[in-house]
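The chain below stands alone, shown as structure tokens; this is the form predicted on its own.
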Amino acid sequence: MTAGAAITLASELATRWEARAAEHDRIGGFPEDDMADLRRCGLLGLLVPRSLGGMGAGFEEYVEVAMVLARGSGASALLFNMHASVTGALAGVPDELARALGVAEWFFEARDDVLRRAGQGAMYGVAISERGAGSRLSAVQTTYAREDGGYRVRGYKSTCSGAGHLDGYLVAARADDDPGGPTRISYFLVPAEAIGAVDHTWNPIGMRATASNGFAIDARVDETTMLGVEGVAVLLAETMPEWLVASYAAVYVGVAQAALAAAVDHARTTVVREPSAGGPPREVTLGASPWVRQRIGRADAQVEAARLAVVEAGRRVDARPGEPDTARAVYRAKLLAGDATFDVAASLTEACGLGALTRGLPLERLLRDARSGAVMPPSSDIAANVLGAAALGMDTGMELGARPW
């Protein structure tokens, strides 16, 4: 399947998702029908190599697809993003680099099996976040220990998009004899049956349909569930941060694009009365106001700037992964997308007036969804700190919240 075909497929899904988004937001439940669309159409294999039955896309193509999907439903696009973060990271590490890191030969067969199943419709999620740690890998308290030729993984994940609805979970855990620090944090891709009961605590103002609930885990898992080499999770996040940073940025640019489109539609179709000198008021559309047009014009520029930053980050990730300038482009994309999305949604709802904030209307939902963009890890403040430290040639330091991972 070509890049254009994947975009066409994403556009078809986005149209269906948009029609369901208000109801999914209202109930705050997992969007089963949207995810069934993904499983059927093959997009879960977007980043899976063609040799394993996938589409063989790179990061730049992923961000284009994610933006299109998010124009239909930001929450469903975030669920797709979590899955893509697993498959994209696995597919994106060259075999020679994996061997240089010291992986066992069985890793390649286990990795290919995960990717092959994704191409067949299996869906994965990311379980890093914990209370008191957020998504900072170096602060996780979930532990693992050797047990009967495999590992015992114990802990609690406070938020995991799609918890209880997926086929596998990327769980971050630290060695149980590691007192702290980033040195022995590892990833495990555990099967669905390994997680405990899901705590249905997810009730945010926006992105409600991601069903990002918490769960406990206390299970023995096979040796092959450890992804790569023990203790490299933080190193990979620092040197190749795209799947924990810029992948989210693409989704929020799509939300911003949807907010702009909704505001344009509202301004074109909403009729207001304009006073006229010496005669009765005349009816005009809201878009006749230069103040409304100015808001839309600024929003158009902000959204396009964020889109270009995300696409450029995608291009660099494909061309020069792991390089410092690529990492800076990744953080730049997240910062611009997170800030622009909420700024745009807030400005446009102001321009469109109180009527646009009615529950169930697109702009009201998109405003709430947009609020998460700057907060979703790494937050805009952390991304800006990383960029500022890089510009100054400084380390980001170990102060609370200063280091992203």
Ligand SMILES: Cc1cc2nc3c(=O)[nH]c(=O)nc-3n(C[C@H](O)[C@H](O)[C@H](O)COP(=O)(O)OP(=O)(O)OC[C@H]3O[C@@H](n4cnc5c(N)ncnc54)[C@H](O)[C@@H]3O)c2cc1C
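In case it trips you up, residue 1 is the first one in the sequence shown, and so on. Note that the structure is predicted; figures quoted are calculated from it, not measured.
What follows is about the form predicted in complex with the named molecule, which we do not show.
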Report yes if any heavy atom of Phe107 sits within 4.5 Å of a heavy atom of the named molecule in the predicted complex; otherwise report no. no
Report yes if any heavy atom of Met207 sits within 4.5 Å of a heavy atom of the named molecule in the predicted complex; otherwise report no. yes
Looking at the partner-bound form in the predicted complex, is Ser129 within 4.5 Å of the named molecule by any heavy atom? yes
Check Ile382 for me: does it contact the named molecule in the predicted complex (non-hydrogen atoms, 4.5 angstroms)? yes
Thr142, Gly196 and Gly214 all contacting the named molecule in the predicted complex, non-hydrogen atom within 4.5 Å: no
Work out which of Gln257, Ser85, Ser186, Thr159 lies within 4.5 Å of the named molecule in the predicted complex, going by heavy atoms. Thr159
Please tell me which of Thr326, Ser135, Gln302, Thr225 lies within 4.5 Å of the named molecule in the predicted complex, judged by heavy atoms. Ser135
With the partner removed from view, which of 75-83, 145-153, 97-105, 304-312 is the stretch that lies within 4.5 Å of the named molecule in the predicted complex, judged by heavy atom distances? 75-83
So which residues in 347-381, when you check the named molecule in the predicted complex, have a heavy atom no farther than 4.5 Å from it? Ser372, Val375, Met376, Pro377, Ser379
